[in-house]
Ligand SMILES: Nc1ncnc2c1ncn2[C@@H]1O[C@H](COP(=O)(O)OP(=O)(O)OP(=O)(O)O)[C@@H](O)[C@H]1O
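Below sits a lone chain in structure tokens, taken as the form predicted on its own.
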């Protein structure tokens, strides 16, 4: 006796429909699952056996073979349990199907008592089912909030295996349980402008970051660093904060979520899908509204940051997609991790290759790093003496390399506060006013790059865009060329100055880039030059530049 049911597996941030073929014949008891299953799928034999018995059915005794097709594709996860159990009940004639099984997708993990447990990546699975013409998706009840974001498909939520058996009784049985998601966010049609199709529901979607207790007004002084943070978020520029211990680097970076614009509808869908696949969506919530802010520890491995593993999974750079990846104590990260960031920072994606598979994960994020200027932390501090040997300082910076430093559009020295500032603190600019400027600049960029689709900002401009939107007068161009010689800029560094200047002009609500915008942009590109000067000095001593890091 043979029956075929349908389930799905995750591949990167997408899904693939899998045929679950079940064959049963009399003979010595033997249960086999083939088709490149992972250990979790092979263990399904025991879960399915117990779930069937504890749901009031009998597990058939004989030769039982389950094939997951296509056989050459690796499968992983526990989402096949329901499809395997249903196939076994059908092949052993314990339930009769009066509906077309080819129109049905079965997704869910089985508990030993027959309860249906939720699985990760349900958004990608339901999307793939809709694209392949599947009419019904039978899924765990706990996954309904996520799945209901996809429109144009009928969802059948279940809590127990016995309920799954009941829906096969007739077309009326499954129709009575199904929920049609015509109001889902993920429809086949093109997205309207933000707020268009979500209505009131969009406003109530959850925030991935709790920012209510933080504000930039808590950062005393450091107005030029706040300005750099505004430029960073407004134009999606990478930023490196360098300063003495206790100068406020981490405090500034941790408040970036308070000035980030909410995700657009398209970005919300993309980000929610990634977190669904990673199994990180908050239980009971659906679409993500706030941009992700990821801050892994410096001991994190290459795989946890970049992604990968035997069966490749998203890393921190993918979880930070459409948001910020903050690497505190940047040089303390493994050098392989730091160097591996070069490709995704430039391309906005990471491709992980294995002998039998090649998976591309999205990774369009703002990279923000913070670091001390030397091992002791006081290299650029005019009030404290640096005790580091020049060789140790050189070794400290060896992890970073010129290509990595060059990829930071903004290189900001965070000077420590003076004692009088601590006694009579000046709160200065708050998050609300900074965010207002960010929103104005982002709106300008949305109009400028409306034909490029969502998520395209000044930092993403190519050569043609720079030539079109970063026009400067001859006298300003001459000034920029002179600075490029002094700073020994690469072509990438030169273009990044123009991109930052374009963002500053957008913040200033100016159509053209002027001398002031270029000078301010140059002010955030001096770290590499200062380090070069340090290492060229025979004595290894560097007189702190009091004007560095200030307007």
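Because the structure is a prediction, the values reported are computed rather than measured. Residue numbers count along the first chain shown, from 1.
The following text describes the form predicted together with the named molecule, which does not appear among the structures shown.
Only one of 334, 433, 250, 97 comes within 4.5 Å of the named molecule in the predicted bound form through a heavy atom, and that residue is 250. Screening 246, 403, 309, 133 for any heavy atom within 4.5 Å of the named molecule in the predicted bound form leaves a single hit, 246. Heavy atoms within 4.5 Å of the named molecule in the predicted bound form map, among the stretches 453 to 461, 250 to 258, 164 to 172, 384 to 392, onto 250 to 258 alone. Every member of the trio 219, 372 and 417 reaches the named molecule in the predicted bound form with some non-hydrogen atom inside 4.5 Å. Though the partner is left out of this view, residue 329 does reach within 4.5 Å of the named molecule in the predicted bound form, counting heavy atoms only.
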